[in-house]
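This document starts with one chain, in the form predicted on its own, laid out as structure tokens.
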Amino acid sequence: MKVGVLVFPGSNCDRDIAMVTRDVLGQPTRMVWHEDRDLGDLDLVIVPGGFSYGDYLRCGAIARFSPAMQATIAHADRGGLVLGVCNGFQVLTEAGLLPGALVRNQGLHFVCDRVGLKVERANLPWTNQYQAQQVITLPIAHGEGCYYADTAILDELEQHQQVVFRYCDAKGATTLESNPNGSLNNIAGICNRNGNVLGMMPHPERAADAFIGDTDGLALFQSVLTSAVGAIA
């Protein structure tokens, strides 16, 4: 599986992601500068967290116009795998690869914490190494992670099972108290209709190495690897 990690001015989680795909999973990984246009050699494109272009104007609003993101849109349109984490999720919504928007957290505070997540589906390239309804714990760190969409979009997301992760308590209940940012329907991560594009606010790359004490995020990357290797074979 060949992995590309986009790098914008202001990205700060790109090396963390590359550490997981290259060093933990042993997959060839290249950093893709935002001005690059050729992603033809890649199976998986990852848009990492950080503050692309300083988050000026609006989170992800400038990054969507970069040559690398235009190439990422084409990659997704061909059925290629695209993962956006935190600011990467914001970029994917701004680029139109995923519906809805990420707005200021309810309470207007930056939140840095570890949260419970319920895995809604285990039949996606991103989740086949989890169990459906499994509760995992991942770190979050964001000021604009409140997922918002109008009622029609929310209904479509639910109808087509595009909600992949929801904030929940330790028993899997999607309560108001377990929602760290006020996201509608406790949404923490969604996919597109085809399932090849995933955006999520929590950081799986920060929970993918036993050396740092938590591996709940590793299964997401192992899921992608399993799917990609199967597709290539």
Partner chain sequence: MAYHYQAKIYVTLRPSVLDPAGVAVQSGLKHMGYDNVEQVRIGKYVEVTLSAENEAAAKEQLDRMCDQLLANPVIENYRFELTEQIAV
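This one's a predicted model, so the numbers in the text were calculated from it and none came from an experiment. Residue numbers count along the first chain shown, from 1.
This next part talks about the form predicted in complex with its partner chain, which is not shown.
Enquirer: Pick from Val115, Ala76, Leu124, Ala101: which has a non-hydrogen atom within 4.5 Å of its partner chain in the predicted bound form?
Expert: For this set of options, the contacting one is Ala101.
Enquirer: Quick one: of Arg30, Arg37, Arg193, Arg58, which gets a non-hydrogen atom within 4.5 angstroms of its partner chain in the predicted bound form?
Expert: Only one listed residue qualifies here, and that residue is Arg58.
Enquirer: Indicate whether its partner chain has at least one heavy atom within 4.5 Å of a heavy atom of Gln106 in the predicted bound form.
Expert: It does: once its partner chain is placed as it appears in the predicted bound form, Gln106 has a heavy atom within 4.5 Å of it.
Enquirer: Is His203 close enough to touch its partner chain in the predicted bound form, meaning at least one heavy atom pair within 4.5 Å?
Expert: So His203 does not count as contacting its partner chain.
Enquirer: Contact between Phe110 and its partner chain in the predicted bound form at 4.5 Å, heavy atoms?
Expert: Because no heavy atom of Phe110 falls inside 4.5 Å of its partner chain in the predicted bound form, the answer is no.
Enquirer: Answer with yes or no whether Arg166 is in contact with its partner chain in the predicted bound form, where contact means some heavy atom within 4.5 Å.
Expert: Looking in the predicted bound form, residue contacts with its partner chain do not include Arg166, since no heavy atom lies within 4.5 Å.
Enquirer: In the predicted bound form, which of 61-69, 46-54, 195-203, 22-30 comes within 4.5 Å of its partner chain (heavy atoms)?
Expert: Among the listed stretches, the partner-contacting one is 61-69.
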